[in-house]
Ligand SMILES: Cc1cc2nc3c(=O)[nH]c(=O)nc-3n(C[C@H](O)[C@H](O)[C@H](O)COP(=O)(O)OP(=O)(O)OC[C@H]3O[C@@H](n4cnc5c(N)ncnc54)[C@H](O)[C@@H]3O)c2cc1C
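In the form predicted alone, a lone chain appears below as structure tokens.
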């Protein structure tokens, strides 16, 4: 979009569930604001085996998406936040001082999603991991796409509370080619792929071994939701649960 340009001094307003508290408490003072409510980016469609998501699609609309994205979306905060918050905003959410954010990052990594964005250098499409690694503050997300998986599963620490963040969750996906993919949220500042766990499961089919190896990819931290020690103990458990559910769904 021409109004976004290279993103310099532009604050993007979509659902506002993350942005509005920042404005209210004076932590953010925008020079310019770009409102996305009438951009037509709020659609989801399936076409020739590919799922296309618009950046301003409400998180609540993902409850009909393929797993593990649907389950992750159903557990984002509460119904009010899910109805207002957007896919693009959740994807780009940076780690908060008190807790991890970006619940949808891990399922999108497991699904092998591709992110279409614009900014300096024009429009581009890149793998979600590459997009997140670049700290996408200067990019405006336009859409997300991924191939329909054979099956998916999601497992998380059960800590129900209004407007709650996810302390730790694991997404598992069996792709169209039959390969299994694992990712986690709450195990690092952003969602991460559990590459060591994937390799262990592909080699041995042992969910316990995959869970133990998953810790190698994590960068745990203490915060208001959980300690480093607790997350390290629970990640192998959640990997095992997600893989068990994946096998049942496949």
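Since the structure is predicted, the reported quantities are computational estimates derived from the model, not experimental observations. Numbering follows the first chain given and starts at 1.
Another form exists, predicted together with this ligand; not displayed. Remarks below refer to it.
| query | With the partner left out of view, is residue 124 within 4.5 angstroms of this ligand in the predicted complex by any non-hydrogen atom? | reply | Result no; residue 124 lies far from this ligand in the predicted complex.
| message | Is residue 236 near this ligand? Define near as a heavy atom within 4.5 Å, in the predicted complex. | response | Close contact is absent here: in the predicted complex, residue 236 is far from this ligand, nothing within 4.5 Å, heavy atoms only.
| said: Would you classify residue 103 as touching this ligand in the predicted complex, given a 4.5 Å non-hydrogen atom cut-off? | reply: Because a heavy atom of residue 103 falls inside 4.5 Å of this ligand in the predicted complex, the answer is yes.
| task | Verify the contact flag for residue 164: yes if a non-hydrogen atom of it lies within 4.5 Å of a non-hydrogen atom of this ligand in the predicted complex, no if not. | result | Output for residue 164 is yes: heavy atoms within 4.5 Å of this ligand.
| request: Given this ligand in the predicted complex, answer whether the residues 71, 110 and 153 all have a heavy atom inside 4.5 Å of it. | output: No.
| Contact segment among 203 to 211, 54 to 62, 216 to 224, 188 to 196, judged by heavy atoms lying within 4.5 Å of this ligand in the predicted complex | Result of the contact check: 54 to 62.
| Contact set, 14 to 30 vs this ligand in the predicted complex - heavy atom within 4.5 angstroms | Read in sequence order, the residues that approach this ligand (within 4.5 Å, in the predicted complex) are 14, 15, 16, 17, 18, 19.
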